[in-house]
Each structure stands twice: as structure tokens, then as C-alpha cells.
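Here's a solo chain for you in C-alpha cells, the form predicted on its own.
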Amino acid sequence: MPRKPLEVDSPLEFLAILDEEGLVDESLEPKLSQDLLLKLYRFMVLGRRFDERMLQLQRQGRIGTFAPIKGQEASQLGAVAALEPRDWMVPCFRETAAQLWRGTPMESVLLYFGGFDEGGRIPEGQKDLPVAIPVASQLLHAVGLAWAAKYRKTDEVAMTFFGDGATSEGDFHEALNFAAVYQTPTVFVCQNNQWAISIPRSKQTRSRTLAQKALAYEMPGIQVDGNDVLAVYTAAKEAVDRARSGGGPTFIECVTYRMAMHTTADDPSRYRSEEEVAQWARKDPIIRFEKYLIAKGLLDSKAIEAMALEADSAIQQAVKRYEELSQTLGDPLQMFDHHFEQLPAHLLEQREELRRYLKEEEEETRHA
């Protein structure tokens, strides 16, 4: 009986183009237009400053808990920049920068995390799915969209985002298996930010990389420096082009780090050290990209300051619109409006019971 090594191809690579000092490997540098480079930088700055403003609003009790993105701007924007408007973007709950890039207004993000369902409404013509809170459930939705695109013989691609923790869920494996078997045009973007809430990656899986999980499903996989927007864009563009041309799915592992908390409901100082955060802060994706653009003569101190002011002004206007809109929304009875053309008897009864309850509450409040 034979005992010999299995013939398993291992084409996995690690890709980095821009180092921590902003120095570029010219042999790998993608040929991007000046407009696209500056747009990427503008949205990285906007995403970071919006994130910081949201944290202030949450601490002031003006929105609810949310998942900060600080440190993951390159992973999100480098990936989503490879998509066309006709493609699908399927986020989890930490893709604020990607959502803004695709056209979601900032006030919609604020409304969602302010507790208003209306914030989850996708603008007309924008092919994105709403935020998905259950871990990994959105991967199946993305594969379904990609399968539908292939079935209808369109050239649409579906890109989905998830964290390292999602790779331990059953939905992750079902999604990759289906996508590989049926060769759906799906791009799986894993933002490996090192922590699944308070569990380090080393205690979550024995795999040396997450990208190697692609091998089990016979699909291309690649690990990239997730704080290098040029590397992420290059890997995502190759994956999107392959998917669009009928080459099937790709799994991309972006090695990055969330410099803030998992969500505003937890305290990361209880499970990780300040030294670890400081080590990753030196790999900040915005700082290295800024150095790169300055070296190319596309940015200077005046332009940097102007973009920051532009972002702050846009954020302030969005906060104002959010607070104005929030005064006109939020009637609990609206939850009954969009499920049935004609409400069944038991829901009519529930709506009336809630209406009476709210009326009584209002009367009680009025009379102190």
C-alpha cells in the first residue's frame, strides 16, 4: 500500500508594497491615477475622523454602541476601491469607511447606530447590503448574490467583509464551500485585526495563517499587509477581475489591527497591553500612505490640512442632519407598517395594544 505526500498545491503568497516608512516597492506598485490615489487618501482621513467623532457622540449618549474602524481604513478602502458600482458590497458591522466610499451618507450611519432602522436603508441604485451583526451570516448572502449573478449571466461581483473571528463559524465554511463548488464570483475579504472581541487570534485557531483556509476549498488565497492600501487594492483588483471573467472566488486575508475597542461596549485594556497597541500604531495605514503621496508630490502640508478641514466640515453637517432627522423618526408603531399589505388580526391587536400603552405612558409623563 502506498504512503506518500499528497499533491496539494500551495500557491499562497504574502503581499506588501508600501512599508511603514512610506517607501514603495516600485516593481509591485500599481499604476493608479492621481485622482484615485487622492480619493483613497481623502476617504481614509474621512473614515478616521468620522470614527473619532462617532466615539465622542457615543460617549455623550447621542448615539448607541458601534464598532470603531481606527487602523483598518486601508483594508476596507483598498478592497472596495476595486469594485464597480454594478458590483455588490456585503459588509459586517465594521465597514464604515467602505460604506462611505460606496455612497452611504454619514447621517445614515449615525441614524443606524442611533437606534433608528431608517439608517439601514440603502440609497436607491446602490448595490450594498445593510450592516450584518450576526458573525459570518453575511458571507452566505454574498455567495447567494454571486450565484444569482452567475445564473443570470451578468458580470457582477459580490465582495463581502468579515473579521478573523468569523472564520471559526460554520457559515464561513459553508459559504466558501458553495462558492468554490459552484465557482461563484465572490471575493471574501477577511480583516484579521488580531482580536475576536477579547480572544486573540492565537487562541482561536491553530492555523498559521487564515489565508491557507482557502486551500481546503481549492480557491485562490492570499495574505496581504492590511495596513498597506496599495497591497490591498492590488490583491482585491486581481480577485475582482478573476471573478468577473469567470475564474471563481478568492479569499483575501488582510493582516491589520483595530487600534480602538471591539465595540464601544468593551474595555480593551482588560485583555491587551498598551505595548501591543503602540507597536501597531507605528504601522498606521494613513501615516504611511501620506508619506508615499508626499514623496510623489501629490500632497503637502497645506493639502493635508485642507482635506482634514473638509472632512470635519462634512462630518459636522452630517451630525446636524442626523439630529434633525432623529426628531422626526422613531415612532414605534412604524414597525407594523412594512411586513404585510394587510395586517393579520393578531398583529392588528398587538398594534392597538402598543398604541394604548404609548398613549398611557405619554399621559403619565405629562402629569409627572
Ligand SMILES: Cc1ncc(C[n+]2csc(CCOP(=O)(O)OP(=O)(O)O)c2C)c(N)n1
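Quantities reported herein were computed from a predicted structural model and do not represent experimental measurements. One-based numbering along the sequence shown.
Another form, the form predicted together with the ligand, is not on view; read the next lines as being about it.
Participant: Would you say the site is open or blocked once the ligand, modelled from its placement in the predicted complex, is overlaid by superposing the surrounding C-alphas? Use blocked for 3 or more ligand atoms within 2.4 Å of a backbone or C-beta atom.
Facilitator: After C-alpha superposition the pocket is open.
Participant: Quick one: is K150 in contact with the ligand in the predicted complex, heavy atoms, 4.5 Å cut-off?
Facilitator: K150: no, not in contact with the ligand in the predicted complex.
Participant: Please check if E290 has a heavy atom lying within 4.5 Å of any heavy atom of the ligand in the predicted complex.
Facilitator: It does not: once the ligand is placed as it appears in the predicted complex, E290 has no heavy atom within 4.5 Å of it.
Participant: Applying a 4.5 Å heavy atom distance criterion, does N193 contact the ligand in the predicted complex?
Facilitator: Looking in the predicted complex, residue contacts with the ligand include N193, since a heavy atom lies within 4.5 Å.
Participant: Is there any non-hydrogen atom of H141 lying within 4.5 Å of the ligand in the predicted complex?
Facilitator: It does not: once the ligand is placed as it appears in the predicted complex, H141 has no heavy atom within 4.5 Å of it.
Participant: Would all three of V135, A166 and I197 be in contact with the ligand in the predicted complex, where contact means some heavy atom lies within 4.5 Å?
Facilitator: Yes, the whole candidate spot contacts the ligand.
Participant: Which is the contacting stretch out of 104-112, 126-134, 276-284, 222-230, given heavy atoms within 4.5 Å of the ligand in the predicted complex?
Facilitator: That would be 126-134.
Participant: Go through F116, F93, Y217, F178 and name the one with a heavy atom inside 4.5 Å of the ligand in the predicted complex.
Facilitator: Contact check passes for F93.
Participant: Within 4.5 Å of the ligand in the predicted complex, heavy atoms considered, which of R244, H173, H262, K237?
Facilitator: Checked against the cut-off, the match is H262.
Participant: Can you list, in sequence order, the residues from 341-360 that come within 4.5 Å of the ligand in the predicted complex, counting heavy atoms only?
Facilitator: Heavy-atom contacts within 4.5 Å come from no residue here.
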